[in-house]
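Coming up is one lone chain in structure tokens, specifically the form predicted alone.
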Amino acid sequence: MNTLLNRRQWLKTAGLTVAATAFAPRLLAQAPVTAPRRIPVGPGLVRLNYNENPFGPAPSAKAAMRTAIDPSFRYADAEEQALLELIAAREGCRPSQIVMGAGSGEILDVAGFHFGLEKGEIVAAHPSYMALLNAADRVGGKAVRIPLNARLEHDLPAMAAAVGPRTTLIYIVNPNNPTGTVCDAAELKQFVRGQSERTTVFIDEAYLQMTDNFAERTCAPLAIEGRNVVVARTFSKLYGMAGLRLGYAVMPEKLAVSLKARMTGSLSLVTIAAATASLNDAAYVTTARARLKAGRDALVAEVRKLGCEYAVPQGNFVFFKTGMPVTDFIAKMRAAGVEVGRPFPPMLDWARISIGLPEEMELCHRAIRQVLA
């Protein structure tokens, strides 16, 4: 049932909560999903907890934003349509297959509400990013959480086995957050082709543009060719626009109509200007990707020297085993001047650290050595 709701009905429905549901023993027991709250970072701390791009927007994007300030008293009707058409041209699809939102987070929320309202099951990895599951949980959807495999990657065979008549969505985060691992490209595409015949497959590619072989790994072509597939992207990560809030997703036209009916806002003229400039600045993308990879490789080398087990990362963060309760590690790193990622149950002795500026990473490396030596 994919009933369209008006805004008032949608907001009323989105406020509902549901009781926890017990799942089969082969799956992780899942209590109602609760959204982690962003904790303000104290003054003087190096902020390595939110997977932001510390190098910020491209210089061309900053210049475009300054130019957009004067006319920003106007609504961005024509400009938003132009950005939509530019994104569609870059993806090789029709504009009617694109949904834009305030960060990919808004799209995840709306998709969670859309599929959760069917009161079915959403198959997802555990641990992984929870925003879509949080939204679905609030309107009666049920998360079926599948543990990661031994390499801390999505266990695609186990996820396929969990799909049943009550499944409304499969949610895959690639690279995964918090582990930073990617699915094998061929295996994932085979999985998506097969499972999209049974249900909708949603692939969150927020960090995929940071990988070395993005074009090989992206599943967007499967959505563009009309399969029951959604691929979400964001300008918050590689493009350094987390505070400007812009994301988009590629999907079948019929689903795009339904999701757009549940969107509640519009984009700012300044954000549109920054995104347009960023899409036309290939040199910045190449440079940012290389700088983030250098920071990631250096952090991996540091945790390897300390003998820590770690997940093979492809995003702008590293997830590794600390050898102590992660709450203790977080507190000790904070005392040393560095704010790292929150706990990610059930891996409560593992920590996630984002890549910062080179000088911030020097402080981070010293702090890790001090805490774990």
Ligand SMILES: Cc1ncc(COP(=O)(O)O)c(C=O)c1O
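Here the structure is a predicted model, which means the values were calculated and not measured. One rule holds for the numbers: they count along the sequence shown, beginning at 1.
Not pictured, yet referred to below: the form predicted together with the ligand.
A.B. asks: If contact means any heavy atom within 4.5 Å, which of 151-159, 97-105, 189-197, 255-263 contacts the ligand in the predicted bound form?
C.D. replies: Result for this chain: 97-105.
A.B. asks: Would residue 284 count as a contact of the ligand in the predicted bound form, using a 4.5 angstroms cut-off between non-hydrogen atoms?
C.D. replies: No, residue 284 is distant from the partner.
A.B. asks: Using a 4.5 Å heavy atom cut-off, state whether residue 239 contacts the ligand in the predicted bound form.
C.D. replies: Residue-level check for residue 239: no, no contact with the ligand.
A.B. asks: Is there a heavy atom of residue 245 lying 4.5 Å or less from a heavy atom of the ligand in the predicted bound form?
C.D. replies: Close contact exists here: in the predicted bound form, residue 245 approaches the ligand to within 4.5 Å, heavy atoms only.
A.B. asks: Should residue 177 be counted as a contact of the ligand in the predicted bound form, where contact means heavy atoms within 4.5 Å?
C.D. replies: Judged by the heavy-atom cut-off of 4.5 Å, residue 177 is in contact with the ligand in the predicted bound form.
A.B. asks: Exactly one residue in 249, 173, 111, 170 has a non-hydrogen atom within 4.5 Å of the ligand in the predicted bound form; which is it?
C.D. replies: If I apply the 4.5 Å criterion carefully, the residue I get is 173.
A.B. asks: Please tell me which of 123, 206, 83, 219 lies within 4.5 Å of the ligand in the predicted bound form, judged by heavy atoms.
C.D. replies: When the ligand is considered in the predicted bound form, the option within 4.5 Å is 206.
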